[in-house]
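The chain below stands alone, shown as structure tokens; this is the form predicted on its own.
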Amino acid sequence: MLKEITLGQYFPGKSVLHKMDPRMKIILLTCYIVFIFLTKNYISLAIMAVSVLGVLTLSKVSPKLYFKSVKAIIFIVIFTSALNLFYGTGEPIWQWGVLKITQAGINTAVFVAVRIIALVLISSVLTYTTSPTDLTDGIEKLLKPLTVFHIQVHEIAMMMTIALRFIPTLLEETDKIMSAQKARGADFESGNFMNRIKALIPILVPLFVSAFRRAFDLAMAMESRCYHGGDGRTRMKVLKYSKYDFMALGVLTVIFVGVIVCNVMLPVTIRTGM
């Protein structure tokens, strides 16, 4: 199961998305997250969903990797959709005791499922096509206006990127520890809920020890290289917007305008929000 999680990994490539400026990708991702929650009918939702498929195609990353990212949260999607399915108001289509399914509940469940899957996929595109170094530079540049309030932007960006970078490493370490414990006769699948929780203790203890050791080694490596944050530091690679960034901005603007037009001109299927 842990091997199926691909969050935080970067896959080098030469696609259009790989060539885009990380700042523009972060901005477009933020705009997409906002607009997908503003969809009010199936047409506008379909526009956002199709745009995600187009972005996945442009990334030229293996579809199996995106399937793994969705597979990791499929239980959350099903559970959340099921809750919303029985939460709708109106004339029931099916009812059994206090449980009832309405058209509003079905609409809400569909919107919730599509939104969650779309958000996971579009977020995966950002990490798959952007190296940790570029991601750090992009976040730092976007947060640079906060330095007026004496906020250590570089340190914040560095911490966020390091945390994202070490997710695959910690997952791999967890898988190794579980395999070692299973070889010693540990059982993580049988028993009641409390027994399974107790069985995780032999995994969590060495995992925390390994995480702190890696953090200490990283801190020592940065200190030995005289790393002192972002003040006065130059960069080997200077971020510059290219034609791909402006083309992507134009395409996303058209898509967002289409969503707004659909929301205004077509009947409302669901109220704005989750």
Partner chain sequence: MSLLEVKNLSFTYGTGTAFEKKAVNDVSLSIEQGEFIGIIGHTGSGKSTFIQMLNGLIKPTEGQIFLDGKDIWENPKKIRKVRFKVGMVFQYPEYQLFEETVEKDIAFGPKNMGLKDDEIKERVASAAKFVDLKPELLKKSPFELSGGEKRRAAIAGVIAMDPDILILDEPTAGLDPRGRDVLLSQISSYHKSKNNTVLLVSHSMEDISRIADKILVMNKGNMFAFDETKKIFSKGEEIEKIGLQIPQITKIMIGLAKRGYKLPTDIYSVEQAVNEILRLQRV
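Numbering follows the first chain given and starts at 1. If you superpose the two forms and keep the largest set of C-alpha atoms that fall within 1.5 Å, you have the rigid core. Quick caveat: nothing in here was measured; it's all calculated off a predicted structure.
The same protein also exists as the form predicted together with its partner chain; that form is not shown, yet it is the one meant from here on.
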Contact assignment for its partner chain in the model of the complex, among V209, M220, C226, V238, heavy atom within 4.5 Å: V209
Partner-free chain; cross-checking its partner chain in the model of the complex, the single residue of G191, P92, P202, P132 with a heavy atom within 4.5 Å is P202
Heavy atom contact within 4.5 Å of its partner chain in the model of the complex, the stretch among 72-80, 122-130, 179-187, 151-159: 179-187
With a cut-off of 4.5 Å between heavy atoms, is K64 one of the residues that contacts its partner chain in the model of the complex? yes
Partner contact for K243 in the model of the complex: its partner chain, 4.5 angstroms, heavy atom: no
Core-superposed comparison between the shown form and the other one, V148 Cα displacement 2 Å or beyond: no
Superposing on the rigid core, is the Cα displacement of T174 between the shown form and the other one 2 Å or more? yes
Rigid core fitted, is the C-alpha displacement of I106 between the shown form and the other one 2 Å or more? no
